[in-house]
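To begin, one chain is listed below as structure tokens, in the form predicted on its own.
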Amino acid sequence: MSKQRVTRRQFLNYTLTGVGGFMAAGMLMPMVRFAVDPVLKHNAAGDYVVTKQKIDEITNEPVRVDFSFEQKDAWYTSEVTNTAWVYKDENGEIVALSPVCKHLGCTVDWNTDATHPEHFFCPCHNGLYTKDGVNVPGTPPAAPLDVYPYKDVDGYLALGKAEPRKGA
């Protein structure tokens, strides 16, 4: 044991420093956890959503495929419905395009403009895309439609998160 006695002033100083440290830690820990928790949390962004579209029923004519999934934002969970335009190209490969126009985010439809048949048409500002989702020069869209990665899950089409077209 130490032969030096603790004075009242030292005792009070040690006590207040300790209590202040605990209070500071109590205030900082939630902030640190808030900042670090999303980094450590498992990210389901790479997951695929199985649609009701059978792969063997997909033809060379684009069809609208709606699919729903559960989305969690912080503490709020909601059901989200997305859409894709799906068809098979000349090589028999499946193409899944996002219907969101790259100009202002409107929804494009297939073959709805009588003056431009066999095109995706955006009614907001007369934007046009070819069948493969490439923007037609001279129309408002500045980039091609995003594409969905896909997988075959027991004969049904499964779509991932839409990604910008590579090389565009």
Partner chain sequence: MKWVSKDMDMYLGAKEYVDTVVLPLLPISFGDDLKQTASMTEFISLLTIPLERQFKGRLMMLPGYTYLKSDSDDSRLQVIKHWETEFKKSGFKHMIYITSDSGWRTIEDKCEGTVIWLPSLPLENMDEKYRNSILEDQIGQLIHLFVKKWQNND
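All values reported here derive from a predicted model rather than from experimental measurement. Positions refer to the first chain, counted from 1.
One more form of this protein exists, namely the form predicted together with the partner chain; it is left out here, but the text below deals with it.
Residue-level contacts in the predicted complex: of V134, I55, C124, V50, one residue has a heavy atom within 4.5 Å of the partner chain, and it is C124.
Heavy atoms of T81 reach within 4.5 Å of the partner chain in the predicted complex, making it an interface residue.
The shortest heavy atom separation between C106 and the partner chain in the predicted complex is within 4.5 Å.
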